[in-house]
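In structure tokens, the next block holds one chain alone, the form predicted alone.
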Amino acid sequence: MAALEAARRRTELLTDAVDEADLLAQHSPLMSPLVWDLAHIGSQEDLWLVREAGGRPGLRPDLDHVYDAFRTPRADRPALPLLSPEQARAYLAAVREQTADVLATVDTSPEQPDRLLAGAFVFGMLAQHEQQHDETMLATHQLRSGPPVLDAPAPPPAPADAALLPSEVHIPGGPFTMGTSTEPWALDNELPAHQVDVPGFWLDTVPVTNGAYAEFIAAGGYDDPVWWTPEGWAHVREAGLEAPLFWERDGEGWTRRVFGRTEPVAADEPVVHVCWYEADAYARWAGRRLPTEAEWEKAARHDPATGRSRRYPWGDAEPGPEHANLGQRHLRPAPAGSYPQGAAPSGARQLLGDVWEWTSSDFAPYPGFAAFPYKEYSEVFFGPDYKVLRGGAFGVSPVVARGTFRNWDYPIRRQIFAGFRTARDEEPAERQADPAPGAGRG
């Protein structure tokens, strides 16, 4: 219930911050009206927690078709017979009353034979679902025009050692356990745990920064097809890309729009609002590449001292403010090199929080994958059309941000809070020397 209530407080913050006209407006064809997300949250809770978990008739089964995310594309949702903001809020409150009663009466012990109820999985699934829609609504807030309506303190400044960090960390080759078979609220695409043999490689210690990305722009990165895949170059030309989304030229420098405020681009923050094609092109320009999904997870979770995979980069303890920039505590990424207490055994920092990180991998099932509780969560998205992102951004809830969580999107998407870090293969001499974990180029 605490996880559900935390999500609801955030939902209310994001929707109470604007007036009824803003809730009904479609701020971008890429996004639903905020009021659709609001009522969709209630509809899914009605379906899964009241009807499926509780075995009850449900409050508004008649709304299922209106708030089915697979029935109507986002661009077309304003034309649906949507609940008004007042009706949507009343619906959410009524559903939550039923949910609380269901949770108080059903058996959610780990021994419960019903997989939906065992370990309260279905309640955790819906807490995560609401938080994911909260992140989507946060992205809508970033896209909306008008004066700012959200506020949060700035992240702490970078720690004193940030400037002294090596540019990259070494991840020794060998097998590690990817995915999970024990995380009680893990979603189907994170399952099952399986061994993956990853050759040794080098990974950026921190995400690529705005300052580094500005160098790519200044070097003509958007004007030279040599750095881009054919599909990426075609997209750059067609979409007229010249810089990350929300950046604008300001003399010799850059400004950006952040939730209704215009400010200079902070050189030391991780770059955000870049698509996969942009991340891939930067990596090529830098003489590097994007890490695979398996490389990313090994860097984030594998502990070479024990041979086990951790829940989080820093260990198994739940995320705290000392570990990562999560949960919308701040409305921007923290400076590169922040959160030393959240570092992985590899020495890499900020693998969770701040920005989603593009990987080179297509979204694919793990060996032994089985869709649960419905194939539309993951299965229908498997294939080469979607690229995997890992790590979670500043707007991601801790209930979602675990080392096994997988996100995915089209390679053209830029409205999401996505950045990246780069990698490179070991050289043959480095494979023979097998440098110690955490060693860097200095």
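What you see is a predicted model; the values in this text were computed from it and never measured. Residues carry their position along the shown sequence, with the first being 1.
The same protein has a further form, the form predicted in complex with a small molecule, not shown here; the description that follows concerns it.
Pick from 60 to 68, 406 to 414, 45 to 53, 23 to 31: which stretch has a heavy atom within 4.5 Å of the small molecule in the predicted complex?
-> Flagged stretch: 406 to 414.
Applying a 4.5 Å heavy atom distance criterion, does residue 133 contact the small molecule in the predicted complex?
-> Looking in the predicted complex, residue contacts with the small molecule include residue 133, since a heavy atom lies within 4.5 Å.
Partner contact for residue 377 in the predicted complex: the small molecule, 4.5 angstroms, heavy atom | Residue 377: contacts the small molecule in the predicted complex.
According to a 4.5 angstroms non-hydrogen atom cut-off, is residue 402 in contact with the small molecule in the predicted complex?
-> Residue 402: no contact with the small molecule in the predicted complex.
Indicate whether residue 390 is a 4.5 Å heavy atom neighbour of the small molecule in the predicted complex.
-> Contact with the small molecule, no.
Select from the listed residues 289, 330, 129, 311 the one whose heavy atoms reach within 4.5 Å of the small molecule in the predicted complex.
-> Selected residue: 129.
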